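One chain is shown next in structure tokens, namely the form predicted on its own.
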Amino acid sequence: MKTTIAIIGYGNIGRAVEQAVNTADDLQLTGIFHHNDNLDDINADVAVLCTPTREVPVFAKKMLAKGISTVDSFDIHGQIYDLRQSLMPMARENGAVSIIAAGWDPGSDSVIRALLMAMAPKGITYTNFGPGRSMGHTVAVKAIAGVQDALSMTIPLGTGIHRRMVYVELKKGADFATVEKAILNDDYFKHDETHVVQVPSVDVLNNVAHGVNLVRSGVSGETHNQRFEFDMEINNPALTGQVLVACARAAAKMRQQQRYGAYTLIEVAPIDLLPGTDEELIRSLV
């Protein structure tokens, strides 16, 4: 029997999730809902939340209250553990599973960071994003009063330090200085070097390419000079959508095993992300 999937939110990520579900033989799409639709009629094993990050807690709680498992790509790193804790009792009480912060960063990159730390327990990991378009940061800017359209680009400066280049197209009559101040004070931006630039059209700049370079240098046992590097160049929404769909599969498996609750991706067994039986996967991957 196929796992049934509902998509809530139909922007770039929602469309990518739809494509990923449609290419998976073990999953079936049952509906696509805009975040302002009436959600009372949703009937699915898992709801994939493709809403803006700051709306995720509300929609997750609505779905979990109905006994529907959820996955999301919540991306405010400092708030992830608190979100997990707030959803944990509701998921358990309703016999559901919620996998949170399940994009590529946080998400699949988090798993890679954990694995690298296991390989070299003492050391330091640098996560260098971009250059590329940050969807979460872009959505946050678009929500600011006076902004017609926006693009937030992440520029890696090395050793985990980044510059944010924010391009804004203003609504008629909006004051640039006011918009700039709101952006610079937002949690998404206030911890990084951020430059806000007014442009006549954001559309001509838009690009969904992104990437990451993860580097860990450390110690295995008592042996120093261990160095590991992971690098990728991606289409941002496509990878986010694919990871979400893999986590939807995992959420369904975990629910069948009665492992109810709210979890981050580093708490999910990698084998649960994949289609196929455990025997098939172990024989082919180990």
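Computed from a predicted structure; not experimentally measured. Start at 1 and count along the sequence shown; that's the residue number.
Separately, the form predicted in complex with another copy of the chain exists; it is not shown, and the next lines address it.
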- Query: Counting only non-hydrogen atoms, which stretch in 26-34, 257-265, 41-49, 57-65 is within 4.5 Å of another copy of the chain in the predicted complex?
  - Reply: 257-265
- Task: Tell me, yes or no, whether L115 is in contact with another copy of the chain in the predicted complex, where a contact means a heavy atom of each within 4.5 Å.
- Result: yes
- Query: With a 4.5 Å heavy atom cut-off, would you call H162 a contact of another copy of the chain in the predicted complex?
  - Reply: no
- in the predicted complex, P156 touching another copy of the chain (heavy atom, 4.5 Å): no
- Is there a non-hydrogen atom of N128 within 4.5 angstroms of a non-hydrogen atom of another copy of the chain in the predicted complex? no
- Query: in the predicted complex, do N12, M90 and G95 all put a heavy atom within 4.5 Å of another copy of the chain?
  - Reply: no
- So which residues in 225-241, when you check another copy of the chain in the predicted complex, have a heavy atom no farther than 4.5 Å from it? N225, Q226, R227, F228, E229, F230, D231, M232, E233, I234, N235, A238, L239
